[in-house]
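The structure tokens that follow cover one protein chain in two forms, given apart as structure 1 and structure 2.
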Structure 1
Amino acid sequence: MELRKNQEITLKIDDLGNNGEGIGHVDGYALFVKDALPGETIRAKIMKCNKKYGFARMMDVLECSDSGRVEPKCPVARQCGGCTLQHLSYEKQLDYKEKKVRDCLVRIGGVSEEKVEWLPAIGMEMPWHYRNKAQFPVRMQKDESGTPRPVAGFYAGRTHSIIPVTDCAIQHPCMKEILETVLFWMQEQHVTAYDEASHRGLVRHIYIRRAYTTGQIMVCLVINGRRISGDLQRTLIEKLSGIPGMTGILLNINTDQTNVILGKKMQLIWGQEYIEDRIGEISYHISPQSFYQVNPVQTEKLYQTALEFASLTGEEVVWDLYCGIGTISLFLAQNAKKVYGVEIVPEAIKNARENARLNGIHNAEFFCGAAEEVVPRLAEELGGVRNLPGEEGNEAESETEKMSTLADVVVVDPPRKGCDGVLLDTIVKMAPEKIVYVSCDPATLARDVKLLGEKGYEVRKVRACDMFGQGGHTECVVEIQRKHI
């Protein structure tokens, strides 16, 4: 069937895309339809046709069998680009994520479906108000009377126009008070919000973090300027510092014309520059630039799963690559002989070293740099030194054998783009018994698993752990074992 723009068709939705859109097919041609769900037959209007796929708008649901559609909690769920799955029951969201991991690993990763233990997804008990971090863009927008006022909220899907919202359904409730306080201060003190088109105006983003176990809060105003006046600082501090839990107020200087939220320079104007949180038995200092998982309750379950998959006895040398502030490293260090952590962000490594000290952990060592550069270098250095007990004077061993004692378990937790190829090759040369892959993107995970599969590693266990309830992102942990021939 030839499709053209504005044409209305009946379409059966059979899958969900990465951004929560429904996918339907017309003679094999895929159409993406926002807000439509698998199991539904809809009336759709074609909006755009590319060569390989197109986009349509949902006009009506005509028929529906067990699609799991629910009324979204948030009044702006449909416009906001944040929660792409709020109209799907939480149970079905989990099914979808579990299936997504499985499909990617089987189809792209070449994993044998029968050989793998597919564990049920770990869902959230309360998939609302769970997030501990938010970065709200701020803009001037006209109110009903036509007066420009500062607003904060979220970007509408795929655009940079803001949907004003202060009481987000997945953020911690403290965010509302903080946002309203900052917006009130802006209005009272005539502080302007940033305008992308003219690159003028002061406040770009309000960045908030809250530690789940201690309730400590950090607020950082990202500004398009080098400083703000003493008076402005004083009034801002007066207003914010009274909020229960407030621990640090910072400015971040970002005068670049860029989409990147944080600039390089942080300036502490009140309190301390980190917040402290606990996961299990371990305490962590978190600075604003460091990565920290956004879902504290699920994080503990995620790390517990990684720990289980690593099956440590206390004798192992473990590597934690893409380690952030050393969260997984220190979690594992309790059951390992030695842990090496590698991370690219200097502030995060500083936190990681502090965190080891804070918890009296002496068997974890941290290195700053790109994993694909640091690990090959370290592997060579450490491989040459061979300072592990009882192994002196074995120079005659082959390269692989020599390096094999370097790593018993390697944990990787890369960003969405997955692991670097050079890093994967190095890991294979280090020949750990196990690789535990913590992934926030099943597609790149599957790509990396395929490569590891070709080099003698096979997937044993897979478990999704939902970190992003109401949203489409999927997190999982995979246990990968070295094959012994």
Structure 2
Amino acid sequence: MELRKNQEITLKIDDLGNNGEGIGHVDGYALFVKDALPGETIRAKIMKCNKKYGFARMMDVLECSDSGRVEPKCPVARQCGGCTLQHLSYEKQLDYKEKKVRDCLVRIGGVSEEKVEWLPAIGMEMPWHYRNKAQFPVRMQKDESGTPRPVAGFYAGRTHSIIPVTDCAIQHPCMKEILETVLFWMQEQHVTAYDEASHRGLVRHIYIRRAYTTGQIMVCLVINGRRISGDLQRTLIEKLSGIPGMTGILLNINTDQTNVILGKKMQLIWGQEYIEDRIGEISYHISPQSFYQVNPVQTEKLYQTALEFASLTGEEVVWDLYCGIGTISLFLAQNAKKVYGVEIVPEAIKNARENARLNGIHNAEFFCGAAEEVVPRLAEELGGVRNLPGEEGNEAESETEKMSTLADVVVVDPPRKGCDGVLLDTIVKMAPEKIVYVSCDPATLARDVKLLGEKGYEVRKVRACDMFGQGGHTECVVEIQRKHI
């Protein structure tokens, strides 16, 4: 059957894709349909056809068989490109995420399903209003009278058209007041929003972070300009500083014609440059550009799982090779002899060192640079790193021999693209007994696991942890052990 754009068809949905979209087949040709669920027969309109797959829009559900469909909590859930699974019951969301992790590791990673301990996914007690960070694009849109007004919200799926939203069902409720305050200030003071086509207008994004345990709030306006005039800045501060928990107000300068949200220059205009939060017993200073998990309640469960998989006794040397601001490093340092953290972002390493001092942790040390460059250099400097700096050690004969004494445990928590290939080779040369891989993308995790499997490592335990309720993404922790032949 030859398919064409705008054609309407009847389609049986048999699976969910990587982002939670339904997948159906017509004579072996795959169609991806947002908002459709396995077990449903739908009427769909084809929107785009590629050579091997296409995209369709769901028009009606014709038949439904135990799909788990529920009414979305958010009135714009279908239009918005943020939440892709609000129409699926939370229990079924967890089943989907467990299956996605397992399928990737077995099909892509070559993992033996029988030899691995598959632990149940860690779900959320309250999968709403959990996010502590949001970046809202701002644009000018005409209201019912035809008057242009600033709006903020989220992009519709696969577009840069904004769905106006101030009361998001997964963001912390404080963000509604902040958004409406900034938008009112813009309307009152005739401040323009950014226009991508003309590269004109001042306010590009409203960036908000809130600390879960302290309630401290940071607001950053991303602007297409070098500054905001004195009167405008003063009225903005007057309006925002009165919001309970407000700790810092900043400007981010981004005058580039780019889709990258944050520019390189930050300017503090009120309060302090960071907020403070805690995970378990560890406190962290978080600056605007630092990576910090968006779901603080689940983050503690995720890191506790990583700690359990590491099986630390207090005698181990641990390396955290995507350490960020030291979140996992400091968590592990409570149970390790020594922790070394490596991160390529200078601001993050600065935060990590501050966080170690803040918590009185003296057995964690942080280095700035690419791990595949930093680790060999330190192997040369330390000459057998299980003998910590300041202790006498034996001289190794080669770089590989030196590196093989570096670590008992290596922890990685890479971005969605996974680990760099050179980094994986570096880890293998370090020859740790155990690798704990914290992943936010099961597909790149599986790719890296396959490479490590070819180098003498095998997966022992896997546990998904839902950090993104109502969305298709999932985190998981994998325990990987060195094989002894």
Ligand code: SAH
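In this text, all values refer to a predicted model and were calculated from it rather than measured experimentally. Throughout, residue numbering runs from 1 along the sequence of structure 1. What we label the rigid core is the largest C-alpha set whose atoms superpose within 1.5 Å from one form to the other.
Colleague: Choose between structure 1 and structure 2: indicate the form predicted together with this ligand.
Modeller: Between the two, the form predicted together with this ligand is shown as structure 1, not structure 2.
Colleague: Hey, does residue 372 budge by 2 Å or more at the Cα between structure 1 and structure 2 once the core is superposed?
Modeller: Yes, the C-alpha moves 2 Å or more.
Colleague: Just checking, between structure 1 and structure 2 and with the core aligned, does residue 23 shift 2 Å or more at the CA?
Modeller: No; residue 23 is a residue whose C-alpha shifts by less than 2 Å between structure 1 and structure 2 when the cores are overlaid.
Colleague: Can you give me the Cα shift for residue 9 between structure 1 and structure 2? Core-superposed, in angstrom, one decimal please.
Modeller: Shift of residue 9 at C-alpha, rigid core superposed: 2.5 Å.
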